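Here you get one chain, nothing else, as structure tokens; it is the form predicted alone.
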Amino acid sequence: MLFVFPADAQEVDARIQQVMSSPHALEKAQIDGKKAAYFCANCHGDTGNSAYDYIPNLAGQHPGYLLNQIRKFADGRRQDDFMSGMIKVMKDEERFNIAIYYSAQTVQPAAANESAQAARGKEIFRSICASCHGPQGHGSQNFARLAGQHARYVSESLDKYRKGTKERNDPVMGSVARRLSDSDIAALAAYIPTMK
């Protein structure tokens, strides 16, 4: 059964569960996803661990979350000329398999940071971010995995949410980010990359 957009969240979740519960289907989706992610690897890395500090790690993200972001790039709710163009030429099944593949990869966190700034970031994360992104920062179908993201990516993304740019215009994240000072963002950027 091929995965075809558009599908509502329940259909997406049902397809993910169907594939994840079948070792054969899961293995096939991961093999096909790795092949389909050939061009993605140039920026996001072979295993979803980006070598570029301004590009997010996709490893360990929930497949439903990844599919939702892919859909947003395809329909213009998220804007990036390169990403949008590449995703628009992919088949729906390729998109699905890429999400399954990257979700199964292990993110490579940064080394522990014992600074006072990282400790402050941990407290900010617990009080502001954990309610949506989870206490360990692992995210869900609806919220991004933050644990192990690059410091620069975290910092720049929060700043874009705060400013409401076309790349980052989610109203919930915007309202959260507008309450953060520059030093709060720097503290989160010091802590989040070390989360496993």
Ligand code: HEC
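Bear in mind the structure is a predicted one, so any value in this text is a computation, not a measurement. Residue numbers here begin at 1 and follow the sequence given.
Below, we turn to the form predicted in complex with the ligand, even though it does not appear here.
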Is there any non-hydrogen atom of His138 lying within 4.5 Å of the ligand in the predicted complex?
no
Does any heavy atom of Ile98 come within 4.5 Å of a heavy atom of the ligand in the predicted complex? yes
- May I ask you to state whether Lys160 is within 4.5 Å of the ligand in the predicted complex, using heavy atom distances? yes
> Taking heavy atoms only, is Met86 within 4.5 angstroms of the ligand in the predicted complex?
Replying inline: yes
Restricting to 45 to 73, the residues within 4.5 Å of the ligand in the predicted complex through any heavy atom are Tyr54, Ile55, Pro56, Leu58, Gln61, Tyr65, Leu66, Gln69, Ile70, Lys72, Phe73
